[in-house]
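First, one chain by itself in structure tokens, the form predicted alone.
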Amino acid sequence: MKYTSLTISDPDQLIYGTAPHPITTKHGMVIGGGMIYPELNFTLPNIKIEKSSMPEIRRHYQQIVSESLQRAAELESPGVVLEFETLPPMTEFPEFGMDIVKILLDGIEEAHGKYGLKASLRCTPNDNREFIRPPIMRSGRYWEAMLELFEKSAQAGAEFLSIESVGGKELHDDALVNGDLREVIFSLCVMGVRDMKFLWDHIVPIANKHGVYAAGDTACGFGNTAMVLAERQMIPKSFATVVRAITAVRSLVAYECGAVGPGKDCGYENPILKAITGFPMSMEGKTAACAHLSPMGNLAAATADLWSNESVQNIKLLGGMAPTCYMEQLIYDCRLFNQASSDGPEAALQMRNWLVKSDASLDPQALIISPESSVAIAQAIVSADDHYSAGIASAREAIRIMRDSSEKGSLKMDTRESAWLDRMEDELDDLPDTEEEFIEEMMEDVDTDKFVPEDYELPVLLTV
């Protein structure tokens, strides 16, 4: 389907814990039904993943699930979600990944029986397709193994299926470093969109077959890479901000193919997607500092339905094992948000506005996912005729938001960042009117040795 209107058009209705289309888990959590829940994400300490180390790896995950859920029960959390992001060998060899899926599902059921704790598992296979050069996106052992893990984890009872897919990264990384907005749009809105459709046309039927939720994709490898580079002052923040807006066009494709959320935590574009689709979204912010730094630590919670820590290694801290400590932090955050909501809509809106105002004026990357900005960009996307046009429209809207906010004094932006607004606007003005013309131009310019054009339904240029 194509979204042609917004589900949430009033920014004041874009708020944490509430989504027009909530999701109910088998234990009875209603995600998006008025309450925000913690979503704990975890990983291993440094350890080689191979058959001989699997007993130790299993012990790590058994410890993570038992100790973190015990702490959740002790703190009387109304419910939690666990996310299992596989490491590459766990997707390459689905039997490794399924060992962990079963351990986590058994731990969830044990905690439910012992404490009455409501909990669900999100399974996020690693996208290994990029491990071949050039990447083979639509066939081969990496593709087949990934589908097998999706199928088996859904069959076993993982309620949410997600992925951080990589289609388009073959060109996007260089586009970021070079500040090439034209190539960013080609990577995200042509290559990325086509790969997303292919991928989610496979994942959604798997979820439906087993009665679980196709929960959505993220542009983590695109927008978050830009964010990290901007934080390190390697690219302009204004450029990274425009990239973030464009990523929403790519990530939306999962929902166009039938995904229903909750959107995955590292998709900072999720507030835009929530405005369009009305589905619940997971977000991460200040409690994700264990995985990466960001300029939107409070604001990211303003529209979240699940509040996540991104990923933390199972290492010993003074308070206990790190995943258990992060479970506690997430629960306390959610308690505060839920207390505001229980005091009524005005209190919830005040809490949301405080979260927004604490970050929005200090960095354009925070401003661009504020409720007001998210609705504006979402409207630009749904008003466009196709994904290519939507990419251009979202970029223009992001530039307008930054320019207007800077001129009003509500956004801190130095002259070097402001100069990039003009540069990007000029670049957008030079783009062709149609996707067909754009593809024709780009296929003559890009390095086609870096990707397989047929895997993106792109023409193969014959050379003499």
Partner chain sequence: MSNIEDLRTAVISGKRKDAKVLTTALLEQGIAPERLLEDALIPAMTVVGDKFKRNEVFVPEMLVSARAMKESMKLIEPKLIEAGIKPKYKAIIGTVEGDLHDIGKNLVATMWKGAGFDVIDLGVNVTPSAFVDAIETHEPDIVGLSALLTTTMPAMRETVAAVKATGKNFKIVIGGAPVTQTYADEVGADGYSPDAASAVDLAKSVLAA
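From a predicted model like this one, the values you see are computed outputs, not experimental measurements. Residue numbers count along the first chain shown, from 1.
The following text describes the form predicted in complex with its partner chain, which does not appear among the structures shown.
Interface residue among 349, 229, 206, 156 relative to its partner chain in the predicted bound form, by the heavy atom within 4.5 Å criterion: 229. This chain lacks the partner; the member of 321, 147, 384, 87 within 4.5 angstroms of its partner chain in the predicted bound form by a non-hydrogen atom is 87. In the predicted bound form, residue 316 stays away from its partner chain, with no heavy atom inside 4.5 Å. Using a 4.5 angstroms limit between non-hydrogen atoms, residue 235 touches its partner chain in the predicted bound form. When contacts are judged by a 4.5 Å heavy atom cut-off, residue 357 does not count as touching its partner chain in the predicted bound form.
When contacts are judged by a 4.5 Å heavy atom cut-off, residue 46 counts as touching its partner chain in the predicted bound form. Heavy atoms within 4.5 Å of its partner chain in the predicted bound form belong, among the stretches 430 to 438, 398 to 406, 31 to 39, 47 to 55, to residues of 47 to 55.
For the three marked residues, 64, 286 and 363, no heavy atom of any sits within 4.5 Å of its partner chain in the predicted bound form.
Of all the residues from 141 to 178, those having a non-hydrogen atom no more than 4.5 Å from its partner chain in the predicted bound form are 173, 176, 177, 178.
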